[in-house]
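Read the single chain below, which is given as structure tokens and is the form predicted on its own.
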Amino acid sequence: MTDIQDYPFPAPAALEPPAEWAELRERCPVARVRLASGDEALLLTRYDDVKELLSDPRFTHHLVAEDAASLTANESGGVFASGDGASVRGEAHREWRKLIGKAFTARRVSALQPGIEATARRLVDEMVERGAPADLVSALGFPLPVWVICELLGVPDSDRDRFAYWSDTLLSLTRYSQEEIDAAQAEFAAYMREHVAARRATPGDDLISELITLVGALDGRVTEEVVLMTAKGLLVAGHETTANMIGKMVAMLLADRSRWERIVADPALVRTAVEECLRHDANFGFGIPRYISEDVEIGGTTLAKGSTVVCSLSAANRDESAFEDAAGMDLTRSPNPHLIFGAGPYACLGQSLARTELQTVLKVLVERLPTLALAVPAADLRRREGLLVGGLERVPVTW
């Protein structure tokens, strides 16, 4: 293994990968890294290694063991730290995933699509009315997924700004103080408890109402705390990651405008273009951690019991052994077995919703604003720093 390096690695530009990824895949696929907390972990960067570990049901992201590394600079920052829902492991965690699978059906996602498209069109129209240049992140990237999550959870659209702030604090690496994180998490828990109680008294056709019904049918095996954990997970996974990805996707496609023009000329490319943007994303964020509860061999290296391992999905998705011309963008790439939603028994449950949002946004933008262009050089774009999920501060556009 190499000497220990600080992680996450700095990137040369907002849309470019750190040089360390290719170096480590080549020379040191299991690398020692130092996290924002000061704790040490191991980093995987090869496609096969990341997929193998993520697919192993023995290891989860619950970092609650005494010898598990702390990912963040704050003791309760981050969704992988101990706290709400961290005690839901093993069989209870499998029950929870089955529960979400029952509630998070294709039918529910399909039912959301017309509303997603109508909201995307409204937000784009409002952006156009305000005039160019505009910031695509604040005009469309963040408002749309918040609307979707509010719709899913059955909470008022008027609370979306509070949800956006709570989401940021849940994903803090270094951005917020411990006091800010604790206060925000307490506010979010109190809000959702009140909402769950209201939904129990007056059920609707939202996800929370359905989860309450399903929990009641499970004889207490999955408690109401799990409903709250689910709401937190949806807020983080369903809002923050998709919101950031909308901005990054458009920036990637406009950085080389021939990509955008290809989709304008052939809108049938929307689906494969979205998948390629997901694979090509050099700024996914921290990665997915795993606590190693027993010795395991990955890629010829033994990962010792008690280790915390970080799987770099974005590094794995640029592995030349898995993808031809991995550093380039091929908008027609198919199949495209990228790992951005994870793999195995703990893969992202909301991936169909994320895909629906991203495909709908791209379809609406290509139809409504075929002349869309970056208003600044791609090299001037700036990453959002200090959070577990990667994104861009602003994506200035004109048309």
Partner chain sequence: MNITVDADKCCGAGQCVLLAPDVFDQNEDDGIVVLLDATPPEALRAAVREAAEVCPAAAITVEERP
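The structure displayed is predicted, hence computed values, not measured ones. Numbering follows the first chain given and starts at 1.
One more form of this protein exists, namely the form predicted in complex with the partner chain; it is left out here, but the text below deals with it.
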*asked:* Is it true that Gln113, Ala251 and Val264, all three, sit within 4.5 Å of the partner chain in the predicted bound form, judged by heavy atoms?
replied: no
*Segment assignment from 363-371, 25-33, 38-46, 346-354: heavy atom within 4.5 Å of the partner chain in the predicted bound form*: 346-354
_To verify the annotation, which of these, Lys305, Arg257, Lys98, Arg130, has a non-hydrogen atom within 4.5 Å of the partner chain in the predicted bound form?_
Lys98
*Between the options Arg271, Arg193, Arg122, Arg160, which residue brings a heavy atom to within 4.5 Å of the partner chain in the predicted bound form?*
Arg271
*asked:* Contact with the partner chain in the predicted bound form for Ala106, defined as at least one heavy atom pair within 4.5 Å: yes or no?
replied: yes
*Could you tell me if Asn336 has a non-hydrogen atom within 4.5 Å of the partner chain in the predicted bound form?*
yes
